[in-house]
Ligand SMILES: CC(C)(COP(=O)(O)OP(=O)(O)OC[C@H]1O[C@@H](n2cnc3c(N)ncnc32)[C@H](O)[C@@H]1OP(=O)(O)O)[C@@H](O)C(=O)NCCC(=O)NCCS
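Just the one chain here, the form predicted on its own, laid out as structure tokens.
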């Protein structure tokens, strides 16, 4: 019998955390500080510092080292990873919520999105620009009142799969399909780009606050248990105390 492994999910409520950014800046690398300083808007700068510092803290806690001692390497498309430690992680943020996912032995990707109304086009028109034919049809078949929720269910599942492979949007979104029904378990339905993924990866929806949608893709079909921690204030991070 295969015993499930644990996926640790750290959900960050940024409204209560961004004021901590100046106190967290110390644990970032020079490159991260330079990146933070390039943001035009203070809101984006503080969110980057907060998310990256807490990511460092979460990884440091797993490895029993200090947050400033975490050293990131980067993939071809910029996805960070650890060269010398058997630990996999990913980070996503949208509006006032962020999500960090940690798995001990399988690559993963996570996405969180703030559900919002369409700007110029409806969701069907937007899906026709990015989604696969099967996803467009499934979204079109949904009742109009559910299309917004379904669009973001589809989008986060697709983004999580892309981030699993560290590809960003360099892989056309119509080269694989996920299920669209927001009330059904997440599933990778097809992958013309990499058919073998159907037998070696799994998608899961994640809990979020109202108004958000989140999903995770993991490069394993072994059972997993998801352990969630919600972070709304920095006082819950004793390992951030500078020594």
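Keep in mind that this is a model prediction, so the values were computed, not measured. Numbering follows the first chain given and starts at 1.
Quick note: we don't show the form predicted in complex with the ligand, though the next part is all about it.
### Task
State yes or no: in the predicted bound form, is some non-hydrogen atom of residue 117 no more than 4.5 angstroms from a non-hydrogen atom of the ligand?
No - in the predicted bound form, heavy atoms of residue 117 and the ligand never come within 4.5 Å of each other.
### Partner contact for residue 48 in the predicted bound form: the ligand, 4.5 angstroms, heavy atom
Flag for residue 48 set to yes.
### Query
Counting only non-hydrogen atoms and a 4.5 angstroms cut-off, does residue 92 reach the ligand in the predicted bound form?
Yes.
### Contact label in the predicted bound form: residue 52 to the ligand, heavy atom within 4.5 Å
Contact check for residue 52: yes, within 4.5 Å of the ligand in the predicted bound form.
### Task
Scan 173, 142, 106, 136 and let me know which has any heavy atom within 4.5 Å of the ligand in the predicted bound form.
Looking at 173, 142, 106, 136 one by one, just 173 meets the 4.5 Å heavy-atom criterion.
### Message
Where, within 45-83, is there a heavy atom within 4.5 Å of the ligand in the predicted bound form? Residue list please.
### Response
Residues within 4.5 Å: 48, 52, 77, 78, 79, 80.
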